[in-house]
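Next comes just one chain, in structure tokens: the form predicted alone.
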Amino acid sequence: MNYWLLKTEGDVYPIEQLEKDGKGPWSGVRNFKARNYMRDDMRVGDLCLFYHASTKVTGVYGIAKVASAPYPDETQFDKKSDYYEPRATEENPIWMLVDVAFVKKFDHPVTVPEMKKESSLRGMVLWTAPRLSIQPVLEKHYKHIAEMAGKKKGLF
């Protein structure tokens, strides 16, 4: 199993919306490294830290999981979409996505300042590539953040 951090704008697609939807496409990613993670490395069942960026309180708000194999992001073909990609064709899509499913909303988010105080989280990609919207997470970092959220050890 792999572990990931998925960044979203908290006012665009918060954890509460994923909880309501149950499952949905992780669309609109327009970074090749993030796309490659979805296309090449993410597997159904992988667990994801659901991170709210660009909000008053940035941090991890809950857990999601990868719910599909990768497939073409339909927004790249829609000329009315903010994510339209004129170079993409149905035969040769450029952008891929995976579906993600809701697992758990934390009672309280694990904030960036809280995570930065934890010496055991120093090696996270979040600190070295903070703008990357999809990031791999080591199992030990994933578990530590879940524990920080008040979850029982081994629950996830």
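Note that residue numbering follows the sequence shown and begins at 1. On a predicted model such as this, the values are computed, not experimentally measured, just so you know.
Keep in mind that the form predicted in complex with the DNA is missing from the display, and what follows is about it.
Visitor: Can you confirm whether 68, 117 and 140, the three residues that make up this candidate site, all sit within 4.5 Å of the DNA in the predicted complex, judged by heavy atoms?
Guide: No residue of the spot touches the DNA in the predicted complex.
Visitor: How about residue 27 - does it come within 4.5 Å of the DNA in the predicted complex, if we only consider non-hydrogen atoms?
Guide: Answer no; every heavy atom of residue 27 is more than 4.5 Å from the DNA in the predicted complex.
Visitor: Check residue 130 for me: does it contact the DNA in the predicted complex (non-hydrogen atoms, 4.5 angstroms)?
Guide: Contact with the DNA, yes.
Visitor: With the partner left out here, check for me: in the predicted complex, does some heavy atom of residue 89 sit within 4.5 Å of the DNA?
Guide: No, residue 89 stays farther than 4.5 Å from the DNA in the predicted complex.
Visitor: Taking heavy atoms only, is residue 51 within 4.5 angstroms of the DNA in the predicted complex?
Guide: Yes - in the predicted complex, heavy atoms of residue 51 and the DNA come within 4.5 Å of each other.
Visitor: Identify, from the list 112, 101, 121, 125, the residue with a heavy atom within 4.5 Å of the DNA in the predicted complex.
Guide: Checking each option against the DNA in the predicted complex, the one that comes within 4.5 Å is 112.
Visitor: Using the arrangement in the predicted complex, list in sequence order the residues of 15-50 with any heavy atom within 4.5 angstroms of the DNA.
Guide: Going through 15-50 in order - heavy atoms within 4.5 Å of the DNA in the predicted complex - the hits are 30, 31, 32.
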